[in-house]
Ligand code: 0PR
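Next up: just one chain, as structure tokens, the form predicted alone.
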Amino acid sequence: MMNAKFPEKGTEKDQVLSIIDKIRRMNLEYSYGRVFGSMCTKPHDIALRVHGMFLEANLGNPGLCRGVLELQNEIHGAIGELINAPGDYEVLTTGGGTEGNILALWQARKESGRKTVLLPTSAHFSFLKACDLLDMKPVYIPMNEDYLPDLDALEGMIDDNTAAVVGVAGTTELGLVEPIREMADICGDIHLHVDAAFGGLVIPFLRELGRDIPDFDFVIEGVDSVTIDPHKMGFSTIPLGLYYSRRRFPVSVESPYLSGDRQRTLRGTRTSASIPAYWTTIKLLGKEGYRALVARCMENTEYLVESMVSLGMEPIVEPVMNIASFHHTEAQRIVREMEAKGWNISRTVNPPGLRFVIMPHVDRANIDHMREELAKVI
């Protein structure tokens, strides 16, 4: 497509833009309605507009971005209210759930001096990155017949080497909320981290819609940290994550040549345009708008389940949120064949099956079209 060497001379602007447009059309964009395997979606139109206004923003040097810093603090407070953050909490803006999960284990290791992490088999693969980076040992908690952590097994696994236990609110494969309250009772003073990268901005609104969803956040006294991704169901631009801790994050470094005294996040220089983009989206939609968004996704998820059942496919679990997965022994083949047709769906590993995430860019017409194509390959 292009010469990989650094060009000696510049190219006409129209030609450069023509090449870029061809490259863009190679992407499978959310607006096509063919993406069923991603936990991200097209950001709100107003977020896209505002993001472009703040491309120079860099909160690695916060004194240069005082307005963005103010908006960040408002976001921290607004989401902190949603997840019942205590009065003296710490919150760091991250690039997403992976960074938040690394921060959680970093904090747990620093505070405890221990190196074992107890993970449910549902845990996101980012924890393996975190353990490798931090020289920590991942140990997996067996799952019960409901695909949730076996609490009796967890109780027997905690020992003097345990630095942290992880629970998930919105598991990647099945969208389940794990028994965080019960896990907290077992953990005692062991750091309990909740990965709510997806569920953190779904569960609060499901509860407001009257659905019976287990507690997952700081309303549970034993929860020590939570990570949430506004660039998923928050309708934000990418990247934007939030890491909340019940205690002040114990790791920071001096940054004397910048406008802030210390840096506590993993990244120094970092794109910060998603912060005003998300702030604007929150202001525009409010809780009412997010409730409507989540309600529509759930209605479409239920419609998808009906469509898949009509093809003879059995749900692995009844969907708790807008993720639906179905038993199938040839999921990998089907994913490949659908990809060849221009469709993005994904698969589960435990148990084997097909997985669909019904994000705001998916509507019933998309589901009907996808079902027609799926019927040809299953």
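Counting begins at 1, following the sequence as shown. Not measured: the values here are computed from a predicted model.
The protein also exists as the form predicted together with the ligand; that form is not presented, and the subsequent description refers to it.
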Taking the ligand as it sits in the predicted bound form, is residue 40 near enough to touch it, meaning that at least one heavy atom pair lies within 4.5 angstroms? yes
Could you confirm whether residue 242 comes within 4.5 Å of the ligand in the predicted bound form, counting heavy atoms only? no
Although the ligand is absent from this view, report whether residue 101 comes within 4.5 Å of it in the predicted bound form, heavy atoms only. yes
Going by a heavy atom distance of 4.5 Å, is residue 197 a contact of the ligand in the predicted bound form? yes
Assert contact_stretch over 260 to 268, 304 to 312, 130 to 138, 226 to 234 against the ligand in the predicted bound form, heavy atom within 4.5 Å, equals 226 to 234
Contact assignment for the ligand in the predicted bound form, among 255, 126, 300, 162, heavy atom within 4.5 Å: 126
Work out which of 72, 107, 274, 172 lies within 4.5 Å of the ligand in the predicted bound form, going by heavy atoms. 172
Stretch 339 to 356 - residues with a heavy atom within 4.5 Å of the ligand in the predicted bound form: 355
